[in-house]
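Here we start with a single chain on its own, the form predicted on its own, put down as structure tokens.
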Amino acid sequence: MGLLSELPVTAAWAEGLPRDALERVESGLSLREVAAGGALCHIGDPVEHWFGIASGLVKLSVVSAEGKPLTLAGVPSGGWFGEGAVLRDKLWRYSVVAMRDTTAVLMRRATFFWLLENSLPFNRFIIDQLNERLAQFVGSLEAARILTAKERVPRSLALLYNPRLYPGIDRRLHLSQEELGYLAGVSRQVANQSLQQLKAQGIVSIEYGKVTVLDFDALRQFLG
């Protein structure tokens, strides 16, 4: 077996592909190690790959005209992203930065389009991805306008437990309060206060650098 069978990032789109198709897909895959703080791509780079996260955590971010960084989404281990850019753009419209040491899977653009033309499961997967991502961004825009800083923290945490976008995520998430603050666009202190409230409600437990979800149903209530 090849690269796909060895990685936790393997997704539903790969299931059922004939052996010759799998071999062709795997010839279009590569791995990239990115240290914490490093970038998979920057705004303005050519769109040459579709990305999957085998291990680690990345954030998709932009910078405002005033120079203020804005996190659009976080992608943990098991997630694939960038399909919209591959389908639509020649240049990346956001940067992808590793929030901790990360191993990424890169699929060449040509392989991505070959799968679109030859695999119905892949097409369905991409449609689901685009639909979920659209709902995520619409909800994030709404949250940014009507939620308080403390309310954005549990919502950002809940977004990481989307089973369609991130099927490989574990109940225990290696996520520091500072990292959660980055994802929610709040300070570490605000993230800590919000997590303490969630802990008091029995929704999560907290360890150093880790958050464990105890009540998924209660956490998902913050998605609205």
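Just so we're clear, the structure is a prediction, and the values are computed from it rather than from any experiment. In case it trips you up, residue 1 is the first one in the sequence shown, and so on.
Below: the form predicted in complex with the DNA, not depicted.
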query: Answer range among 157-165, 37-45, 192-200, 59-67 for contact with the DNA, defined in the predicted bound form as heavy atoms within 4.5 Å; finding: 192-200
query: Touches the DNA in the predicted bound form: residue 209 (any heavy atom, 4.5 Å); finding: yes
query: Any non-hydrogen atom of residue 176 within 4.5 angstroms of the DNA in the predicted bound form; finding: yes
query: Close approach of residue 133 to the DNA in the predicted bound form, 4.5 Å, heavy atom; finding: no
query: Contact of residue 93 with the DNA in the predicted bound form (heavy atom, 4.5 Å); finding: no
query: Neighbours of the DNA in the predicted bound form among 19-48 [non-hydrogen atom within 4.5 angstroms]; finding: none
